[in-house]
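In the form predicted on its own, a lone chain appears below as structure tokens.
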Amino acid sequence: MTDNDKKTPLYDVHVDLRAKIADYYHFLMPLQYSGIISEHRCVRNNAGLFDISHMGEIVIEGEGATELVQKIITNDISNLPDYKAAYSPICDEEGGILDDIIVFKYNLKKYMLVVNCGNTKKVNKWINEFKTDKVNVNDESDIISLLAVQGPKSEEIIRLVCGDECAGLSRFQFKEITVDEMQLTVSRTGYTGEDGFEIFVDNSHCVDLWNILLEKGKDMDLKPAGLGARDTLRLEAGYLLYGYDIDEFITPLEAGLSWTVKFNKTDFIGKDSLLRLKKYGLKRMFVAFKMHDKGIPRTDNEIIHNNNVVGKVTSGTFSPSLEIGIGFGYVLKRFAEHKSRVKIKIRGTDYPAQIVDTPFIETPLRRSHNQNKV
């Protein structure tokens, strides 16, 4: 811990719950409470409550808001309805990913970008480089908290706390409501592969909302879950993590995010570079792999084929659902396309693995994933 470490409004609550606290991009966050595997299974079977108030929120408002958002993201929101959200990378001129974000559209003149905490200042500065006098860009990360209720029982919990209209939201839809004088923005979004909701709330009401959710969700076995379970859940679901699986040196085309790059848009930052890459072809590609037996892959493990290093692991973990090691990485294109058998070098020993499709496990949400690609 350092003097520069940040705390969410729930920090003391996490400490009282005897959470194991870890430094995550200078935020002191709960890594686990009862244990990563038990929290993971609670989310898969019932519901988990996450403090994700470390995430950044940047609000873009004004006459030119839509044009600015369209310029900085690779996805196309020209047909996105009001009160709907969309996933998109933000790229630099070379096509490298500066961040992957969720864009929340209130109307043509107001958007909120939810960004990764380690990138908030960088993205805010980047957006301001392209803004005009017709737009205001405000980083509201320090005044907004964010909670996530994830799991098959999340809809029932949200109905008790936020009402039928919020429980009836479609995937990536959101709504502004007031509950007990708390102004909330409730969205049907998440990062676990399960059905779930995320709730934006003013810092001053964050602890109250946390307690209300746990109380109302008690009969549905809602339990606090930490960043450790969030990581194993997102890996099983096939979701990428910025700083590990994607960064400024990786393009959306290499990362398997081609569906988020809409070349039919008039213009966006990085378009020319991505068009060239598409024309001349990729040298490396993102892959997922499953271990054949023992051995838990970790970041930076080498990926081996016929005694040659063909890539590196970006994320790896033990899958509580499959009870085997799983991971992501980048390999030379031909090995990705042929779903090659490979080996993962773990502490000097090569363990066999198979390149596979994602998600690693089928959840109700991931079965309908393609329907939500906009």
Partner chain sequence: MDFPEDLFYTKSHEWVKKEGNNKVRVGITSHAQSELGDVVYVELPDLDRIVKAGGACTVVESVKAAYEIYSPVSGKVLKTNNDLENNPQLVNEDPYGKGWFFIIEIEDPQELTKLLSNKDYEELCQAK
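Numbering follows the first chain given and starts at 1. This structure is a prediction, so every number in the text was calculated from the model and none was measured.
Beyond the structure shown, there is the form predicted together with the partner chain, which is absent from this document and is the topic of what follows.
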| query | finding |
| --- | --- |
| Of F335, Y330, F318, F27, the one that lies within 4.5 Å of the partner chain in the model of the complex (heavy atoms) | F318 |
| Listed residue that, although the partner chain is not shown, lies within 4.5 Å of it in the model of the complex (heavy atoms), from K294, K109, K121, K218 | K294 |
| The partner chain in the model of the complex: contacting segment from 224-232, 277-285, 92-100, 167-175, heavy atom within 4.5 Å | 224-232 |
| R298: touches the partner chain in the model of the complex, heavy atom cutoff 4.5 angstroms | yes |
| 4.5 Å heavy atom contact, Y351 and the partner chain in the model of the complex | yes |
| Residue contact check: M55 to the partner chain in the model of the complex, 4.5 Å heavy atom | no |
| Partner contact for Q32 in the model of the complex: the partner chain, 4.5 angstroms, heavy atom | yes |
| All of K84, K125 and I269 within 4.5 Å of the partner chain in the model of the complex, heavy atom check | no |
